[in-house]
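A lone chain, given as structure tokens: the form predicted on its own.
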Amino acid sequence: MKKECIYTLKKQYRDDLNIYGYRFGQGEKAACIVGSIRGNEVQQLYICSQLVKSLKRLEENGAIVGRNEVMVIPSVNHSSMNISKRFWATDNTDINRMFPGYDAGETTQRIAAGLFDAIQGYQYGIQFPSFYLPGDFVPHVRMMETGFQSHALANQFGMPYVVIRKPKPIDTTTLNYNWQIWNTNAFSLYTSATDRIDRDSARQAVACVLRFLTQMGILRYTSHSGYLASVIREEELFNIKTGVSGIYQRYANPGEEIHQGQILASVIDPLEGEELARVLSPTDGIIFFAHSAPLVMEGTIVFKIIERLHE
């Protein structure tokens, strides 16, 4: 294992931001794994720390095949993480909306440019991002539909679902999209948590990455075969929204099979404690995403439902 600083942002009043990469093996740029880009992505940081630990042991045992290099970047925005901010603390901008970056631009543009310069040229790119809504997911692999995506490769992770997202204009500045445009097979892996550590889903994520690297001929690693993934398109997910604002109480979790009319959550009056509304399932299906924050506003997406599995 070789630890090196891949990018430094000089600061005038505080310590410099140093982004570290951990390299395993040597030779061709086989795979790059990026963890926490936002300051609340504690689960993503934890997963990458466990990958560093596992890959270090595997490298010592000679498990990296041939002349292949794997790089892990556990954290990008630890300056914001240190003060419990999701986005860049100074101007509240999102680094993952700044790619491919601009080395003479604003601070987050320069960070994105420095990171992207260091991670270009890898055959496979794996990112552990987080969703824009606070909540929990069924573990899945997400891909942008750029014309360069491969469902067959995404299946090699052995996760339960592969989600294909048609990119919107705002998505064209994400790491996943730009990785693909610059000829890297890019995958976003979502687990069951973001700002807290879920050890079970973290272990699953580590196993999925090691399984993928093995299937791609980069590692020699023995693992079970994982899931035969169901491929779904994001627009096929059914969104359930709240009709009122208040304190949110959830009764159903990701992965649960639900039925039409089932009570999934309640919204409580924050001052008087009375139930203002119930969130009912409008259809049979499986919960894919569930909101987790204690408060909701009117019109918030609180559940995403898979209405039926693909035949």
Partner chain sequence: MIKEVVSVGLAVDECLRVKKNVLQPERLSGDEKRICIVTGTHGDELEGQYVCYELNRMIQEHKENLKGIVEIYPALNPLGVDSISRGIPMFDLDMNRIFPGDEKGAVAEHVAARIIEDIAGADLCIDIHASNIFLREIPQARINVNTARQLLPFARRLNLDFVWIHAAATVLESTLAHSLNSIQVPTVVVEMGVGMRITEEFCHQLTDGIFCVMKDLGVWDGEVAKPKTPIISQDGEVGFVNAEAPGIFVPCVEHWRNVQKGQRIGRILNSLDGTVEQEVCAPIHGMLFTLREYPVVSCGSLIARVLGGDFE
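Positions refer to the first chain, counted from 1. What you see is a predicted model, and the numbers here were worked out from it, not measured in a lab.
From this point on, the text means the form predicted together with its partner chain, which you will not see here.
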item: 4.5 angstroms heavy atom contact with its partner chain in the model of the complex for residue 90; value: yes
item: Its partner chain contact at residue 273 in the model of the complex, heavy atom, 4.5 Å; value: no
item: 4.5 Å heavy atom contact, residue 17 to its partner chain in the model of the complex; value: no
item: Exercise: residue 281 in contact with its partner chain in the model of the complex, heavy atom 4.5 Å; value: no
item: Check all three, 148, 162 and 263, heavy atom within 4.5 Å of its partner chain in the model of the complex; value: no
item: Partner-facing stretch of 71 to 79, 195 to 203, 150 to 158, 100 to 108, counted where any non-hydrogen atom is within 4.5 angstroms of its partner chain in the model of the complex; value: 100 to 108
item: Contacts with its partner chain in the model of the complex, stretch 113 to 142 (heavy atom within 4.5 Å); value: 131, 132, 133
